[in-house]
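So this first bit is one chain, no partners, the form predicted alone, shown in structure tokens.
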Amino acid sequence: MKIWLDGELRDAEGARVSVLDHGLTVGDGVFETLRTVDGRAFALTRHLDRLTASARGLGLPDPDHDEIRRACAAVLEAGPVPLGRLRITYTGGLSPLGSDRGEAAPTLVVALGEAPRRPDTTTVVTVPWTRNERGALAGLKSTSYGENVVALARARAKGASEALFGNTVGQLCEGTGSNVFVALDGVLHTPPLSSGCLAGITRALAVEWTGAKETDLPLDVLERADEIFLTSTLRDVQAVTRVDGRQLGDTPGPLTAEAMRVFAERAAADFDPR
């Protein structure tokens, strides 16, 4: 495996970030995860735009898109895999201990690993913790992922692959690494960005390609939704067959199956949808 670190390709064993990097000491960084197929990264332009938006939200300098494109190309060429997870990480760089940033340039890391094909269906649980839709990091893809680690561990312990959060006013928000859609009376809905959810790339494309509505939804909509599905970079569109103790079915429902079909067709036809 080759990793791009601060301007050059390095062997994985030699790619080292300082223990004083602000991304390590206080989680001061942003990142993107992209799906790759046979050496091509899906929706790279959209991911780079979101990386910049997240960096601005943290007060980091704008990342250099041209450099990141070169880095992605170099990493993909050096270690091609049939289906991969391409990770772009951009941090506050070398800084003093504590929350104040130093004067050093940001750190840029691009790495690639193999990814398994996701199953068509999965199960989820809700968790008692909330997303803060008014927080400083709301909607940013920050490396401060501690609460997601805790929530996902709870989901795994209950035999599920994902944990779903409400927000501070009791509305459905998102998963630890996914967005959520529900079908009600033949119409697809997903929480709006004002709920505090991440502006998922797959979410945005699914809304555009399926006509789903952005709707404020109470968390208990999960108890009555006709269908539920998740979207994310590595899940694409994935049907939920059980939420907590509620069984929805063993296979994707009709609206979910159609969303899966449409997404697969549109994504295959345009690998970098603008």
Ligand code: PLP
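Just so it is clear, the model here is predicted, and its values are computed rather than measured. Residues carry their position along the shown sequence, with the first being 1.
In what follows, reference is made to the form predicted together with this ligand, a form of this protein that is not presented.
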Q: Answer with open or blocked: the shown chain lacks the ligand, so superimpose this ligand from its arrangement in the predicted complex and check for 3 or more ligand atoms within 2.4 Å of backbone or C-beta atoms.
A: open
(Q) Let me test this: is every residue among 25, 57 and 91 within 4.5 Å of this ligand in the predicted complex, going by heavy atom positions? (A) no
Q) Are any of the heavy atoms in residue 198 no more than 4.5 Å from a heavy atom of this ligand in the predicted complex? A) yes
Q) Does at least one non-hydrogen atom of residue 202 fall within 4.5 angstroms of this ligand in the predicted complex? A) yes
Q.
Even though the partner isn't displayed, in the predicted complex is residue 168 close enough to this ligand, meaning a heavy atom within 4.5 Å?
A. no
Q) Does this ligand get within 4.5 angstroms of any non-hydrogen atom of residue 145 in the predicted complex? A) yes
Q.
Heavy atoms within 4.5 Å of this ligand in the predicted complex: which stretch in 231-239, 244-252, 59-67, 211-219 meets that?
A. 231-239
Q: Could you check which residue among 161, 126, 179, 95 gets a heavy atom within 4.5 Å of this ligand in the predicted complex?
A: 179
